[in-house]
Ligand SMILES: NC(=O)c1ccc[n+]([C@@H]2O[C@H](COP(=O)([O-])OP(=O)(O)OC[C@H]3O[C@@H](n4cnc5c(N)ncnc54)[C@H](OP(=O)(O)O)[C@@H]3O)[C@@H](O)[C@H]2O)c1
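Presented as structure tokens, the chain that follows is alone, the form predicted on its own.
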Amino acid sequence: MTTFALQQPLLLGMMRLLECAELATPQALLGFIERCIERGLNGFDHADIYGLGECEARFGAALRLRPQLRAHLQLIGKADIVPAAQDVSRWRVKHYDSSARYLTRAVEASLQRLGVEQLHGFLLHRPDPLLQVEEVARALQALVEAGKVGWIGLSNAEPLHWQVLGRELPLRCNQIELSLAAQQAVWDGRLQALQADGLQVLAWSPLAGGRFAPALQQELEEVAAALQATPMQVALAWLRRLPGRPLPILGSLRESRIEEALAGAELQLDAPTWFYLAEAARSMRAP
């Protein structure tokens, strides 16, 4: 099986774009995107629900200032979550919609907001219990054949989800929550299963949203001091030590944090250090 891989140190998540006052104007955001590309970072992780579409629209407004930049980017989109605020039924309830009609419209709307002709990658954002495999496979394959999507992946999928869909579609990745504070996939075999099935792991919230428990933060600081690194660099190195070398999606758009992450991209942890941190985070001895 040929393994697909996004080749860069990390992806940049766009979920918090609207919170960044320094990136509020198209010109400022354009400069940020250009500096990221200069650093070797051209992968940007979007979803239609980020800012209810406004994050994509703001990103697209920046790209329209310099259209030639689009050729240098890897844009990932996600859809199938319908927030309560966008539910047009009488119930006004958050739900999932993986129907062919919804997914097709979602991709086309993302393309329009971003001002591009293709999403390099498109992921089903959350497992939909009402998903019809054949319908989804036909819809996504049609988007690929039309050139609107380059490749297909999943997000937050469990083994049976990706294995069943993988019979119908060439899946490339699974985006899951993964960090020292969210270790379940490390111990239950999911990482090895993803690797065996040729799916790259994209790790969202790799720094637990900046909310590691105080005791764990102290352990990270101790290890960082010993390795002449920073706690953030150590936490990301812990991820990279895992099977398949998961690719972190950095949620912070502060350039100082991005630089810090890149400066520690080659940091490696030996097995005892990895287990020391794993045990500190789990508050128990690893099996």
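The first residue of the shown sequence is 1; numbering continues from there. Not measured: the values here are computed from a predicted model.
Not pictured, yet referred to below: the form predicted together with this ligand.
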item	value
All of F59, R105 and L111 with a heavy atom within 4.5 Å of this ligand in the predicted complex	no
H125, heavy atom within 4.5 angstroms of this ligand in the predicted complex	yes
Contact flag, S252 vs this ligand in the predicted complex, heavy atom cut 4.5 Å	yes
Proximity of Q74 to this ligand in the predicted complex, heavy atoms at 4.5 Å	no
Interface membership of Q141, this ligand in the predicted complex, 4.5 Å heavy atom rule	no
Contact residue in the predicted complex, chosen from S155, Q118, Q200, S98 - any heavy atom within 4.5 Å of this ligand	S155
In the predicted complex, the one of R64, R70, R257, R241 near this ligand [non-hydrogen atom within 4.5 angstroms]	R257
Answer range among 141-149, 88-96, 125-133, 186-194 for contact with this ligand, defined in the predicted complex as heavy atoms within 4.5 Å	125-133
Interface residues of 62-78 toward this ligand, as seen in the predicted complex [heavy atoms, 4.5 Å]	K78
